[in-house]
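The chain below stands alone and is given as structure tokens, in the form predicted on its own.
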């Protein structure tokens, strides 16, 4: 993993946009990880004022039991800018991931991946910079159009290109949105999300657990 994180939060919006375009060209959209994985990760960020709580969890892929988790509380310095959220969330996410004693074979990130107007949501961003396989799992559609549904999956299309998928899980009438982060294909990303979603749940277990821990940890630092 690349560990030079010091410049994040101090970059200008103009430089961030340029960096975003360059990083988007570096995303790998084919499987380049141990598949099926032994350990699968989940990453989420929760906010308390100007502080962010990053959480990274590791789960046994076969049992979905928690193996390890790490937290990181950082001051947020980059402003909220639509489509540049990765520059706000990168540091707490990365610090939590780098605090783990071991690595996951692939990480699910509670963020957009390729399903992004510039092709680089936070799941892609953190995957490329840390050189780790990632999947974007988001709760809302940021861009594109949902195509025809087949069973529990529908493509999301932007400019005649499939950039992600709407996936219906559990009993929810609203889908979650899955996309490539880095070093994974879209079909594999969809499959792993389905395999790690417990019956009756909407979110895959790595994301659900990371979010739960982030919420609980935030309440302790009020």
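Just so we're clear, the structure is a prediction, and the values are computed from it rather than from any experiment. Positions refer to the first chain, counted from 1.
Below: the form predicted in complex with the DNA, not depicted.
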Residue among 128, 74, 100, 142 with a heavy atom within 4.5 Å of the DNA in the predicted bound form: 142
Please run the contact check for residue 45 against the DNA in the predicted bound form: heavy atoms, 4.5 angstroms, yes or no? yes
Tell me, yes or no, whether residue 111 is in contact with the DNA in the predicted bound form, where a contact means a heavy atom of each within 4.5 Å. yes
Taking the shortest heavy atom distance, is residue 121 within 4.5 Å of the DNA in the predicted bound form? yes
Should residue 95 be counted as a contact of the DNA in the predicted bound form, where contact means heavy atoms within 4.5 Å? no
